[in-house]
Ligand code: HEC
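Next up: just one chain, as structure tokens, the form predicted on its own.
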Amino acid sequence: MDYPVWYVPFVTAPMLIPAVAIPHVIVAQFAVGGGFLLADLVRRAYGTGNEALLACLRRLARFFVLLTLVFGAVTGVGIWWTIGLTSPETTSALIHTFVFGWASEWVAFLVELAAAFAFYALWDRLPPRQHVAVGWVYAIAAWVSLVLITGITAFMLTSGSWTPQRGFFTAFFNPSFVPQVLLRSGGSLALAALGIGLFVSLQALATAHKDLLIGWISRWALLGMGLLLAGGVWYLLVMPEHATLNLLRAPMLLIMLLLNLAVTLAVIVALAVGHAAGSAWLTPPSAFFLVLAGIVAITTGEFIREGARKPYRIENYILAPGVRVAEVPQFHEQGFIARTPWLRAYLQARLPGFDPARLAALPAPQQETVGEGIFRYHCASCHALWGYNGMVPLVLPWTPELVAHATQHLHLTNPAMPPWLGNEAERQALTAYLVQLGRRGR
């Protein structure tokens, strides 16, 4: 807890991460899958010698470059901004653990940028074989970038046998690495096929040309859905016990899981029908709803991955409040405030002359002020006051005795919560603050 918290009362600061990250993931997966589809579609179009198909694909490439590179780059920077503010301990740990991985990903991203611009800008200047080769360079570089990022994000859920003394490769090749690569690769191909299908449905092309494109696209989509199913089953099998328990216990996560499965199956059926029926079936409305279904599948999948991690930010290494698991005994021994310098500074600004050692002797209003500060650093990483995961509605029907019992046994009250990290006087201050929250909410 060496950093101050960014406190957002109504949604919690960490909820701002998915607000930026999920749109980025959607576009990034479209970019990865779209690279493979574009390279293959252009290769096939050159093989037919059909100028109308090539003109359509050129328009697609222009849209593709603008969406994936411009929007993708901006939201990628936004992710670093939000995680640095909301989860500085976790961000620092990921940077230090995966220095080689981040460096490799940035190299892959530079290759990806250069190849994407060259693929579009040199459309009429390169011979067909070289033009297609540039498309494949982009596709492979984008996929390598996906693999590198997936290894790092998978580590947060399944750290496996890694310890701070073990190296990069132990962390990177963690238990959920391969299934998550299959999931993201399959999702990328499927989403790209759905997005390009929508684009094709809006084009003024002859029916025979649309039939060709839809047939080619559908094969990639069905391959993607196969990878998704294989990766999804494997992913559920390697999930840690606490993550599986979260899925079964938390109603929101269970709803998200069922919605994800239902949407995935619906898209598989729709793609199979579309592959057989051709462009007559893929109208703009049906194509739009298929893209929307793909977006829902990715969004629910990301929500599940993030929610299942609790009470950890990095499994068995960093807890939700940003405290390393190895430091928990020191927090119990020395106190939460003593181990959290920015909280100490906050309380001393609110209560001049504040001394953590005399906390139990403070009057009730001042203890509640201390409890509010502890709430911000210990609890606000998951709980808002109102709104998403709001604490006021939660404690509203609770008696003071129930609040006290819950703070004493946090991880038993809810397995998704970390253990209590402070001393007894601090726990009583937090209890007093939560009791007052319940009374104000009545």
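Numbering starts at 1 and follows the sequence shown. Owing to the predicted nature of the structure, the values given are computational and were not obtained by experimental measurement.
In what follows, reference is made to the form predicted together with the ligand, a form of this protein that is not presented.
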May I ask you to state whether residue 25 is within 4.5 Å of the ligand in the model of the complex, using heavy atom distances? no
How about residue 52: is it within 4.5 Å of the ligand in the model of the complex, going by heavy atoms? no
Is there any non-hydrogen atom of residue 398 lying within 4.5 Å of the ligand in the model of the complex? yes
If we define contact as a non-hydrogen atom of the residue within 4.5 angstroms of the partner, is residue 311 a contact of the ligand in the model of the complex? yes
Contact residue in the model of the complex, from 56, 406, 384, 69 (heavy atom within 4.5 Å of the ligand): 406
Interface residue in the model of the complex among 320, 94, 144, 134, criterion: non-hydrogen atom within 4.5 angstroms of the ligand: 320
Where does the ligand sit in the model of the complex: which of 39-47, 26-34, 375-383, 59-67, heavy atoms within 4.5 Å? 375-383
I have 220, 228 and 265 flagged as a candidate spot, so tell me whether each of them has a non-hydrogen atom within 4.5 Å of the ligand in the model of the complex. no
Within 391-429, the residues having any heavy atom within 4.5 Å of the ligand in the model of the complex are 391, 394, 395, 398, 406, 407, 410, 413, 414, 416, 417, 418, 420
